[in-house]
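Below sits a lone chain in structure tokens, taken as the form predicted on its own.
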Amino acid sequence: MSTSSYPRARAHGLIAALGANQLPAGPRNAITDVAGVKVGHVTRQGAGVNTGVTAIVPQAGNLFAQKLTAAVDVVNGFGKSAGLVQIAELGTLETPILLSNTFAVGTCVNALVRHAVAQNPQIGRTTSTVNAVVGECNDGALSDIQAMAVTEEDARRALDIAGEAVGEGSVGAGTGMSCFGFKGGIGTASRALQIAGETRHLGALVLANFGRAGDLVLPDGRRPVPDTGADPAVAVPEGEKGSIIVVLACDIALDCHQLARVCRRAGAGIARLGAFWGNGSGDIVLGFTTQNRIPHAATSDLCAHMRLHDDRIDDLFRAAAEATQEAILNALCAARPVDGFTGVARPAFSDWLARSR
């Protein structure tokens, strides 16, 4: 469950408004409903800084030695993330995933490389280098991004403290993020599916930093506009320059091509809320499955993998769209208001909900 004290989207009736045809949520309604997945946050605030780092640990153990099947879908590529090209080429994930602000990507890459080398001293010497994976959004509206506040120690600590409870809203990488003119941040959700007679899960975690003020469309049809103090009759809407990183996890046997197709459906969940992926928006979906591990060192010429039949994949498409949409709403509901270092402020969506009852 969320560690936020703010009610989640379901408590506000926002998910019920989507109707009865939804897939059921997992027990935590979080990405950690996929067994073995853990999440950790380190938050940095003070002296003009509102930022942090979020770690997604896909599985325990040595990911470089036993890689995960993975995929990526770039909805709009205005972003500075690391490691996506190799995932798209090889279909494997071999490090945890770190999320942070744009100028912290290099720092987080270094932390992941050191983490992998500590487990595998042969990296870069007697075997290949390691593909560190980092996602970013620009929190410069609310944080002095030039302070370069995130450190390697912050990243290492986020990895070390990762657990099953997922904090949401203004925490970790989400501390300085904005969403549709409100305070944005971290959100998560999941869906449970019946596959081959067993309950399986698909979970989403989002870093929500996107959407123009006034464009948000709630499942019940309302269109919230944040109260910024500006005269709406003369205010000029800002361009869409935000970003969203979506991380999808599942415990279903898929190949990397199928995972890429599932990742693409997360875009439907983003669009349902009113986003249109503007020119300056970086919208990226990264997915992995805990099934079909790939050994780094070949012990035979062939790897035996299971693969879901494509005739059964529609439920995963629906799950990706639904979990992404709900995760974004959870990020909005959980986020506390934050005042930026230049006087810019982002109000809490939960306060708007309270006033609109």
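Start at 1 and count along the sequence shown; that's the residue number. As the structure is a prediction and not an experimental result, all values here were calculated from the model.
Keep in mind the form predicted in complex with another copy of the chain is missing from the figure; the text below concerns it.
The stretch from 298 to 306, 327 to 335, 29 to 37, 53 to 61 that comes within 4.5 Å of another copy of the chain in the model of the complex, counting heavy atoms only, is 298 to 306.
Checking V113, A192, A165, I161 for any heavy atom within 4.5 Å of another copy of the chain in the model of the complex turns up a single hit: V113. Looking at T95, you'd find every heavy atom of it more than 4.5 angstroms from another copy of the chain in the model of the complex. Taking the partner from elsewhere, E153 is found to have every heavy atom lying beyond 4.5 Å of another copy of the chain in the model of the complex. The shortest heavy atom separation between D227 and another copy of the chain in the model of the complex exceeds 4.5 Å. A residue is said to contact a partner when one of its heavy atoms sits within 4.5 Å of a partner heavy atom; R272 meets this definition for another copy of the chain in the model of the complex.
Along 320 to 338, a single residue, A321, places a heavy atom within 4.5 Å of another copy of the chain in the model of the complex.
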